[in-house]
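In the form predicted on its own, a lone chain appears below as structure tokens.
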């Protein structure tokens, strides 16, 4: 039986699934292989030969795994490649724009840009591993989208004929990233739910919560950028970025809460935004 189990594990290595879903798929695929083996045993084949023919009849791990991946999670790998390679390409394009304007490209900036694009592209290659952790992959895409969006402040320095195409490029990357996060979260919470109405409510809740997170991030990045641009350098200028870290931690639990109580999750998201806005005001009001 070990041969059949190994074949199932190799098949699962080509698709994303969390541990719970992976256990269910493992059981279903193994049951199918056992059924095929029993058919060949009934035809008079030896146990070893029956296992071999069952594996051949079942199909290669890569073919079956990729087929299951596309049927259960359509376009996931493709979207990851678009985001990853698109991020790398944007770094190359902006690097050349810097050179065209006789400016020194920021090596630190380019390193971050290329690192994020490379990690996302590697995630596409290893979707079976990263796909087990729905929150982690959403965080990766969220950070990539945030970084690409923050490039707005870099691009607007250039002439209109240079900045407008780059700004459109950024907008497309951010929209695709947002689409991926909504889909990925929906796959996680909608699994096994037969109600179309409830699935729509969950998806809407994911969209609203992600928009709230993007709003928090945009505000935090803008405040940090404004502080760096118009104030003397200080580590305190980076304090607004803690709101982003806080939201990412909050969102880990929010994803599961949406799966159980999608409507209530919208209000907890709004409550978190109010807390993020109110906390920095405390020293001002009571100081």
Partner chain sequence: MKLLKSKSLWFVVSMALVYFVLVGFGESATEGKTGYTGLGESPALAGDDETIVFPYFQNDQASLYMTTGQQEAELLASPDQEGRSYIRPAISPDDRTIAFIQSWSEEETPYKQLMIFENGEERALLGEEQFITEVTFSPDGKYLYYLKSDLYTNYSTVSQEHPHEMDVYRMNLETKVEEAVTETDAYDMSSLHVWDEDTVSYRSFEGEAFEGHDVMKVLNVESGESETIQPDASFETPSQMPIFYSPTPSPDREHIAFSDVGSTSENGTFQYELFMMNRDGSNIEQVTNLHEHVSEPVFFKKSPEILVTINKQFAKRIPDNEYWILNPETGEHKEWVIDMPELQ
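These figures come from a predicted structure and were not determined experimentally. Residue numbers count along the first chain shown, from 1.
Quick note: we don't show the form predicted in complex with its partner chain, though the next part is all about it.
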| property | result |
| --- | --- |
| Candidate from 92, 168, 211, 175 lying within 4.5 Å of its partner chain in the model of the complex - any heavy atom | 92 |
| The single option of 71, 136, 195, 107 touching its partner chain in the model of the complex, heavy atom within 4.5 Å | 107 |
| 39, 58 and 182 each touching its partner chain in the model of the complex (heavy atom, 4.5 Å) | no |
| Segment assignment from 201-209, 182-190, 156-164, 140-148: heavy atom within 4.5 Å of its partner chain in the model of the complex | 156-164 |
| Proximity of residue 111 to its partner chain in the model of the complex, heavy atoms at 4.5 Å | yes |
| Residue 20, heavy atom within 4.5 angstroms of its partner chain in the model of the complex | no |
| In the model of the complex, residue 88 touching its partner chain (heavy atom, 4.5 Å) | yes |
| Residue 241 within 4.5 Å of its partner chain in the model of the complex, heavy atoms | no |
| Contacts with its partner chain in the model of the complex - residues in 122-155 whose heavy atoms fall within 4.5 Å | 122, 125, 126, 128, 129, 154 |
